[in-house]
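One chain follows as structure tokens, the form predicted on its own.
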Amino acid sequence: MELSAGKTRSRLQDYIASVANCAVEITELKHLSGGAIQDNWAVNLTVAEGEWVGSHELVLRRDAPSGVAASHGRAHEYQLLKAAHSAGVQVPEPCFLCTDTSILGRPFFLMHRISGEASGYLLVKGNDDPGLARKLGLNLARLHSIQPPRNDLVFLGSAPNDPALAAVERYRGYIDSLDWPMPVLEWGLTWLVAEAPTPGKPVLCHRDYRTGNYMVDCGELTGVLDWEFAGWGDRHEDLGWFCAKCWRFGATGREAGGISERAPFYEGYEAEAGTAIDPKAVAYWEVMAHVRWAVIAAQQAARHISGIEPSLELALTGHVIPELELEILKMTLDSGHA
């Protein structure tokens, strides 16, 4: 169902008016770039009276036609966003959730739009930004203050007894479901089993906390985006994902997301969390990060190859796999535990 169609615009306007209990006019509805796993739209609207009187800039997030294994739908992502917002995490404030597929064809939710830049390649340009890195560490620690059990997050299931081994089993299953052999990833998974650290207390992990998934406006963090992979896990998983070389966007010398050295990021985290980071555990989860990203890239390419969702973006994603495989070999063979 095409959102730009007048009938669909009218349906969305009527829906917002009903849940907000006020007269609403949508002044702009525009598709946003990016979002291979979800469909994003800018929604500008005006409200003539009541609690919402004035102009508002929102974002509508709708399920894409096909998804990736382990990716949450919009209803669950909305609940995650609400939980994070309540914990003081810098995120866009969620507004409404709609699971009625008769409105726009697929479930969607609305959230307040935040300002700033999210492009990883632009954010890593220029000098180190230890202040931003520290804020990102603090923000992540606030997220990790959310721990099971949580009635509002029951859809996440029980926390795994060993998050590392559970991740290995999950990724091995994804590889086995593909139609082509991936021996380097199989080797990486074997190494991850042999080197698995002692599990820590489970926390809510974003699982895609990295440069490119947060927005910055004039040097200030305005919000963390894309919660579709969140789940219970080891806190070092998010720390390793953020610091992994594959998410530095070419600024490989700045090990904290391509924006800074690690120290400010770690300091911000430890100051807010009140617990020390284990550098060896972070290094382990950086290997896991490269394996996981390679698996996701293969899944994205498979969506294109299958013909279900022809897309140049999805097809090109598969071309990052050889570089990731090379890095996996470097990290594991140089570790002294091969």
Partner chain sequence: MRDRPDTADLLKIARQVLRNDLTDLLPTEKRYQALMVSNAIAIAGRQLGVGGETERRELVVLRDLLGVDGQSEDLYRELSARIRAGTYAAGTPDHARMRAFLETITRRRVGESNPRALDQD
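All values derive from a computational prediction rather than experimental measurement. Positions refer to the first chain, counted from 1.
Beyond what is shown, the protein has a form predicted together with its partner chain; the following relates to that form.
Against its partner chain in the predicted complex, the set Asp100, Gly105 and Phe109 makes no contact: no member has a heavy atom within 4.5 Å. Comparing 261-269, 221-229, 182-190, 143-151 against its partner chain in the predicted complex, the single stretch with non-hydrogen atoms within 4.5 angstroms of it is 182-190.
Under a 4.5 angstroms non-hydrogen atom cutoff, its partner chain in the predicted complex lacks Ala276 among its neighbouring residues. Although the partner is absent here, Leu12 lies well away from its partner chain in the predicted complex, with no heavy atom inside 4.5 Å. Residue contact check for Glu25: none of its heavy atoms lie within 4.5 Å of its partner chain in the predicted complex. Its partner chain in the predicted complex comes within 4.5 Å of no heavy atom belonging to His76.
Residue Thr252 is the only one of Thr252, Thr198, Ser86, Asn161 with a heavy atom lying within 4.5 Å of its partner chain in the predicted complex.
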